[in-house]
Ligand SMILES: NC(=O)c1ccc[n+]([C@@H]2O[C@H](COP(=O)([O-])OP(=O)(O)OC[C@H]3O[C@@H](n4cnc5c(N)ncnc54)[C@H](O)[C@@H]3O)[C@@H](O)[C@H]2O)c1
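A single chain, nothing else alongside it, follows as structure tokens in the form predicted alone.
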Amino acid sequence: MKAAIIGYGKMGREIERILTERGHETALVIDTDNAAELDAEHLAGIDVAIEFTTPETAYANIRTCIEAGTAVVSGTTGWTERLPELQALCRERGGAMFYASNYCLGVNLLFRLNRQLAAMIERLHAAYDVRIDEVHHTQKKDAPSGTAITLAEGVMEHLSSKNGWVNYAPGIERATNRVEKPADAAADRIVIGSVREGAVPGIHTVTYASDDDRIELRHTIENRRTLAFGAVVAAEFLCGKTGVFGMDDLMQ
């Protein structure tokens, strides 16, 4: 597989290492100093591009790949209100696109467990409130994280009492031992607490709390390698395919 890496920060370098370990070729690297080289000419012959950049640049990067006929895997978060536009373009052009807010296989198991738990609570008509807390390194650009938003969407998909979410500003204190809400948060909103500290790769906790007990689902990423590994596996999966895919397709 001949791959392009778009975004050559810590994640891009880890992706490059894993591509090499798995016998693939990194044929093109795009970063801020050569961003103008992301075009059809330089993408010619590339089997799949792996894009981890910024919320401000992701849309244009992915669109360029789709228009050039290059399959693209993206893990950039904080811009996904425009994701449906690119998915529609990909289908229209007969291209291939894979998007996930988190490529860690363990996190995607957490997504499934969270959806299942919310559905079970709904069937039981149990009186649980829900809160999501996420902790990331100080260099993370967006808050809440895409992973936290995906967790909230999983709750809302199955729990009729929740119809949206509200975010505490980054830098808040960690959650105490009960589900807390901002003073102006409506009862049907899921609170997402965001903390940015140190070099934390990612901690996500979903808390279901009643007056009598608590259920917590938590996942901790120990290092970025797990994310990079999942992105490379997604690229291998996407190579040679057409259509729009995500982690649920990969994990079937």
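In this text, all values refer to a predicted model and were calculated from it rather than measured experimentally. Position 1 is the first residue in the sequence shown; the rest follow in order.
Beyond what is shown, the protein has a form predicted in complex with the ligand; the following relates to that form.
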task = Choose from 192-200, 206-214, 223-231, 63-71 the stretch whose residues reach within 4.5 Å of the ligand in the predicted bound form, heavy atoms counted.
result = 223-231
key: Site check Leu113, Thr150 and Asn167: each within 4.5 Å of the ligand in the predicted bound form by heavy atom   = no
message = I'd like to check something about Lys10: if you look in the predicted bound form, is any of its heavy atoms closer than or equal to 4.5 Å to a heavy atom of the ligand?
response = yes
ask   = Using heavy atoms and a 4.5 Å limit, would one call Asp129 a contact residue for the ligand in the predicted bound form?
value = no
message = Since only the chain is shown here, I'm wondering whether Ala100 would be in contact with the ligand in the predicted bound form (any heavy atom pair within 4.5 Å).
response = yes
inquiry  = When the contact criterion is heavy atoms within 4.5 Å, does Ile30 count as touching the ligand in the predicted bound form?
reply    = yes
